[in-house]
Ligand code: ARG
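Take a look at this single chain, the form predicted on its own, given in structure tokens.
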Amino acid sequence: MSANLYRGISDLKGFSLRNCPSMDEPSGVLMCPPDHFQILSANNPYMARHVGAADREKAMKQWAELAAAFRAAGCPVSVIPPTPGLEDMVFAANSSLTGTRPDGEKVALISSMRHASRRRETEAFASWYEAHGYRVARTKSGGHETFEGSGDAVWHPGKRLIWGGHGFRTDPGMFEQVAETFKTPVIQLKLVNERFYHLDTCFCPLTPEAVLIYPSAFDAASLELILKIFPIVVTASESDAVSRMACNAAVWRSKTAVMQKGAGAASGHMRAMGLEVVEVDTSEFIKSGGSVYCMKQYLFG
């Protein structure tokens, strides 16, 4: 096992968050308009209940309001053109993981998607990154292992540390490549509840010291790791986590949380920690298993 991978409490001997180098916060987000958004198959439990039920006109309005919410929070929004036939390309978080290496180089690690219907998305994103000054890195999976980008790899706010989720969409063996690509340690968390198939559905860092989670999404060893590193661990209720995807919020620079409206308990916790909370409606996208965090990719530099 790589010295940069941590899978249990015993692996953390000698590890300290305080000793992790600082890292620049994201400079903006990349979003893809839902021009071709549909729910055509049941790739997750949310989709199984809503095949054929997407309202594209409503989705376009919700997407525009989300983009406006990011801009109002001071977060610049870049837009990648949607590709016909790629109905899930609006979920921009999944096709890559972006970040910087210790020397400041911007890197985009391109995903290896589990479902065939999403694999063509990755080349569209790779082309965008190449045109915008990123070094594009490719996963080496031999066609067997999968990695679903920022859906399962979440940067710790302001630190050179990645949290990696596995169990449904990403194979644990892929995190050695993630650690090597970004020259950054990875703490691995095992997901055990199929309703929370990506890490970003159940794990939302709020500040460098605080995180919002849905505990039942993780195995016991993963919960130990979270509790060991974060001084403040806030738990989402089942209704907030499932019906409103509260843990799929996006927090801009530990100041503003943009999230699905109606998650009263979760938003209350965020406000209590001094965050500004901006509530939006992403209900059309929740039908497909994604909300705010899924609909953007952080940009750097």
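A residue's number is simply how far along the shown sequence it sits, counting from 1. For clarity, every value in this text was computed on a predicted model and none was experimentally measured.
Below: the form predicted together with the named molecule, not depicted.
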| Are any of the heavy atoms in S239 no more than 4.5 Å from a heavy atom of the named molecule in the model of the complex? | no
| Should G151 be counted as a contact of the named molecule in the model of the complex, where contact means heavy atoms within 4.5 Å? | yes
| 4.5 Å heavy atom contact, R169 to the named molecule in the model of the complex | yes
| field | Distance check, T201 to the named molecule in the model of the complex, heavy atom within 4.5 Å | value | yes
| query | Tell me, which of T256, S243, N43, T235 has a heavy atom within 4.5 angstroms of the named molecule in the model of the complex? | reply | N43
| request: Scan A265, A67, M273, M47 and let me know which has any heavy atom within 4.5 Å of the named molecule in the model of the complex. | output: M47
| said: Tell me which stretch of 69 to 77, 191 to 199, 221 to 229, 122 to 130 has a heavy atom within 4.5 angstroms of the named molecule in the model of the complex. | reply: 191 to 199
| task | Could you list which residues of 51 to 72 come within 4.5 Å of the named molecule in the model of the complex, counting heavy atoms only? | result | none
